[in-house]
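One chain comes next, on its own, written as structure tokens: the form predicted alone.
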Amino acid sequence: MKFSLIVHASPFSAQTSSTAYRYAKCLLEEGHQIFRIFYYGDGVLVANQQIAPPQDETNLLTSWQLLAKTHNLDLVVCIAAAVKRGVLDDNEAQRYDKKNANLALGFELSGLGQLAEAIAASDRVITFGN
């Protein structure tokens, strides 16, 4: 079965974001396909390469990056939500005259069209967060 996941939750405020990661990992272990993972709202904060959680906590950024690299996953970050929260790729940093980009490797900024495509292409769409 083909799934897409939508992650709304901040990686810092609740277990919802880490639940999304564990769910994705289990789907893949069970032989399912993940078409796309779309980060929206505070969920975009996971793609900030500057995050540095305490050593005794799971680093969701590196966990998602490894899972995506291993399984060739599409990690799409809503551009409007990301820019609003200061998560920028090189183009957006330049556009808004910011010194640095901070979008982590393996993540892509894009619009809601990517979400619509994921919904249309998937058998199931699971949302994590509000």
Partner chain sequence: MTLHVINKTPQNKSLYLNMLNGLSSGDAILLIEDAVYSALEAHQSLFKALSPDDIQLSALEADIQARGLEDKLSPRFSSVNDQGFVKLSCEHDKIVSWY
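Positions refer to the first chain, counted from 1. Fair warning: this is a prediction, and the values are worked out from it, not measured in the lab.
Same protein, other form: the form predicted in complex with the partner chain, not shown, and the subject of what follows.
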Since only the chain is shown here, I'm wondering whether Thr16 would be in contact with the partner chain in the predicted complex (any heavy atom pair within 4.5 Å). yes
Contact flag, His32 vs the partner chain in the predicted complex, heavy atom cut 4.5 Å: yes
Hey, in the predicted complex, does Ala68 get a heavy atom within 4.5 angstroms of the partner chain? no
Closest heavy atom of Leu27 to the partner chain in the predicted complex, within 4.5 Å or not? yes
Of 112-130, which residues get within 4.5 Å of the partner chain in the predicted complex if you count heavy atoms? Asp123, Arg124, Val125, Ile126, Thr127, Phe128, Gly129, Asn130
